[in-house]
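There is one chain below, alone, in structure tokens, taken in the form predicted alone.
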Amino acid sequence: MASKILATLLALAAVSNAALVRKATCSDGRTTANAACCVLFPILDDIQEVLFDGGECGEEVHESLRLTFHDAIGFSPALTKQGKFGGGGADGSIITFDTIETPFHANGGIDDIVDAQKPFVAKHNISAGDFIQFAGAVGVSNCPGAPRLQFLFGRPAAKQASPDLLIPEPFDTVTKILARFGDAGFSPAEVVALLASHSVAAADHVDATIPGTPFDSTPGIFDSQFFIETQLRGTLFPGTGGNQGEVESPLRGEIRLQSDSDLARDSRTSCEWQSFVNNQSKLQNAFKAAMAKLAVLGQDTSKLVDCSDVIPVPKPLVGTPHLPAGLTHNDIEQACATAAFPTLPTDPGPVTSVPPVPSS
């Protein structure tokens, strides 16, 4: 008798689970867990073809990922509690109120990607907050080695502009950066995880004489080279020296932000920084979790729909962690006091020189 009851319960559970995983078939034949997500497939196709140049991990991906952060981090529970500001976060205010926010000093150069994304927002009748986070997640999926980011759908339109001075600057101290992120709800470890975005990034305006200068030697791949190369001793400037927020880098053609250099060497963050050097799985998981948190800052997630299955699955990692050609373990500036820097192979060949990221 007991076995029959158990069999019945298992059968009912199987039926229930089948109902839970049943997918909606969209008009184009693609499937998703929720029919409300079907409207995203035409947007996906459009931005992959037009904005991301056929699905490349290039300049527009870098800029779109930067935009996800600059829009979302304009969020301050401390100011809200004081009655000085309410709202902000991942709401698209940087597009909706672009004439106010893009002139902020920390948003230097971000008007280019804002101008590039605005027509898509209008064309597809999607909120700016949704589009910014969707484009960021789709763009990252074009980078081999990246995690498949979460995307929740249904952000309402922004009601007001974010105030100035909420976006950390590359010349800020580590203490100031951690405090700003802490106000927004991020731990020091999550700050380091978010900086994995610099693995697929380039700077256009830190040194305006050399636009498209990447932060590591593999800007088209989501890997740990950024964390390795930021730990190398800086010896040169890729362009002109004396730029605010820039310090010497180890390779020609590579730029290093002061904030990245300081976070890699500060006792509050250096060991977490080093932990990503030869642990791609940890890097992917930590970045995915931190980005999921960033992407819903200021939002009521109970009112959003999980459309993560619309985001393409990234290609696997290409290459392995290594020291750039011409450099050795002796060039590492050890900062973590509790663990030695991992032993890595050195690329063969002449000293590495990093080409700029080409514009679209």
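Everything numeric in this text was worked out from a predicted model, so none of it was measured. Position 1 is the first residue in the sequence shown; the rest follow in order.
Although not depicted, the form predicted in complex with a small molecule is the subject of the following passage.
Proximity to the small molecule in the model of the complex, taken as heavy atoms within 4.5 Å, picks out 170-178 from the listed stretches 119-127, 170-178, 90-98, 154-162. Contact with the small molecule in the model of the complex, judged by any heavy atom within 4.5 Å, is made by just one of A203, L283, V138, I228: A203. For the options L195, L251, C143, A264, the residue carrying a heavy atom within 4.5 angstroms of the small molecule in the model of the complex is L195. Taking the partner from elsewhere, S270 is found to have every heavy atom lying beyond 4.5 Å of the small molecule in the model of the complex.
In the model of the complex, the small molecule sits within 4.5 Å of a heavy atom belonging to L257.
Contact check for F69: a heavy atom falls within 4.5 Å of the small molecule in the model of the complex. At the 4.5 Å threshold, heavy atoms of C307 stay clear of the small molecule in the model of the complex, well away from it.
The three marked residues, C37, F134 and L297, fail to reach the small molecule in the model of the complex, with no heavy atom of any inside 4.5 Å.
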